[in-house]
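Listed next as structure tokens is one chain, alone, in the form predicted alone.
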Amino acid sequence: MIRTVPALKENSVKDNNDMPGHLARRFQQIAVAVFLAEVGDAGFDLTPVQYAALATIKANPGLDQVTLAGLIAYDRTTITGVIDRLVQKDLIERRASPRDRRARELEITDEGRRALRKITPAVESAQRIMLRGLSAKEGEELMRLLRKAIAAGNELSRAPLRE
């Protein structure tokens, strides 16, 4: 038996490039590739998530892993791997919390501070490259619209941002 595919309605989505999810995934692919290239060219082996974690730990000394996951909108079950890699690279330390022995507090090391200082120009360059097809005004508008869409859908995420 031959199955027929229903005809597309005139107003239906006809192309992946008309789907915000597809475009968001493509932009994420580009963003990660650009980040890894710029950071790699600067001599660092750090992923965007590892960078976000390291910068957040620096800004919030002593925070625990669950709080870190919420602050960078990362899944609580997989944040441990990110932390493990940062510890292995001697960029952070994980210590037992004096308030709750089950919890681990995170602290940036001197090496982590040095790495953040040195990597910042590469990260800033990556951000500029990601927006290179846009004027400054268009880049600001894209950022505004992304923040608005993300705020509206935050609770739909498996790893919502927690402030």
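As the structure is a computational prediction, the values presented were derived from the model and not from experiment. Numbering starts at 1 and runs along the sequence shown.
Not pictured, yet referred to below: the form predicted together with another copy of the chain.
Shown here without its partner, the chain carries 36, 81 and 108, none of which come within 4.5 Å of another copy of the chain in the model of the complex through any heavy atom.
Using a 4.5 Å cutoff between non-hydrogen atoms, residue 138 counts as a contact of another copy of the chain in the model of the complex.
Although the partner is absent here, residue 132 lies within 4.5 Å of another copy of the chain in the model of the complex, judged by heavy atoms. None of the heavy atoms of residue 42 is located within 4.5 Å of another copy of the chain in the model of the complex. The closest non-hydrogen atom of residue 58 lies within 4.5 Å of another copy of the chain in the model of the complex.
Shown without its partner, the chain has 71, 72, 73, 74 in segment 68-85 as residues with a non-hydrogen atom within 4.5 angstroms of another copy of the chain in the model of the complex.
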